[in-house]
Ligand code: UTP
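One chain comes next, on its own, written as C-alpha cells: the form predicted on its own.
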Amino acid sequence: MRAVVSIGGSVLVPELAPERVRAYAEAIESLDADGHAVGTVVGGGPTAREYIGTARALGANEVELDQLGIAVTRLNARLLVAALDERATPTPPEDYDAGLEAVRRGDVPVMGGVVAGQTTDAVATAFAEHVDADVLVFATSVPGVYDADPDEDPDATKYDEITAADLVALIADTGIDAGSNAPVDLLAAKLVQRSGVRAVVLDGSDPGAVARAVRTGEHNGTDIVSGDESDDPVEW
C-alpha cells in the first residue's frame, strides 16, 4: 500500500523532546518493513505559532509569516529525518516531484511546507494525490471531525464517516479557523474531494494507532470517503 501520513507539529513535537519523534519513526519504520510505501508531511506546531506571533508583532506581512512557518515545519521534519536515519531522505523534499522521486526510490520522504498560503494539511493532500496514495492519514491533536466545536458545544457529535463533499460544506459553513471541529483546512478538504483519496482524521498522540490505521483501516477517528463503494484500499 502507498500511504501519506500528515503529522501535526503539535502532535510530533508538543514540546521539544525526543520521545514522540522516536515513536513516530518506529511506527513509520514498521510500515516500511511491512512493505508499505510511506511519505510523511510534518507541521509547525506550537514553535511555528510562537515565531509567527512574534514576527507579526514586529510587522511582518502574511507571506513573510508563511515563509517563517514553512521554515519551522522543515526543522520539525529534520527531527523525524534524524530519527528515521537511513530510511528517510537526508533533507526534507521542497517540492512534490522531489517527494515522488523519493517514494519511487523506496525512500521515506519527510516533507514540511512547500509554498506560502498552503498549510501542511494541503501539502499532504496534494502530495497524496501526486503519488497516487491509497490512503491519507491526518494525525492531529483532535480525535476526528465533529459537527460542532466540542470545546464550545457539549452536544457536539463526532462523525465516524463523512463524505469529502460534506466535509467541504462543513468547513465552509464554519470557517477555516473554526477550531477542533475542522482539523483539516478548506483547501485540504477540497483536494481530498478532487482526488478521491481515502482519508482518515484521528488523534495522533499514539503513533501506533496511526500505523494500525494505515495497515488495517481500523481506528477511532473519522473516515473521509468519496461515496464510492469501492473506496477501501484492497489491503483492508
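Position 1 is the first residue in the sequence shown; the rest follow in order. Please read these numbers as outputs of a predicted model, since none were measured by experiment.
Absent from the display: the form predicted in complex with the ligand. The rest refers to it.
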Partner contact for Arg194 in the predicted complex: the ligand, 4.5 angstroms, heavy atom: no
Ser10 near the ligand in the predicted complex, any heavy atom under 4.5 Å? yes
is_contact(Gln118, the ligand) in the predicted complex, heavy atom dist at most 4.5 Å: yes
Ile52: heavy atom within 4.5 Å of the ligand in the predicted complex? yes
Identify which of Val123, Leu84, Val103, Ala164 has a heavy atom within 4.5 Å of the ligand in the predicted complex; exactly one of them does. Val123
Among Ala48, Ile171, Val38, Leu202, which has at least one heavy atom within 4.5 Å of the ligand in the predicted complex? Ala48
Between the ligand and Ala77, Thr89 and Pro93, in the predicted complex, does every residue show a non-hydrogen atom at 4.5 Å or closer? no
Here the chain appears without its partner; judged in the predicted complex, the stretch of 26-34, 207-215, 39-47, 194-202 with heavy atoms within 4.5 Å of the ligand is 39-47
If you apply a 4.5 angstroms heavy atom cut-off, which residues in 63-95 are near the ligand in the predicted complex? Leu65, Asp66, Gly69, Ile70, Thr73
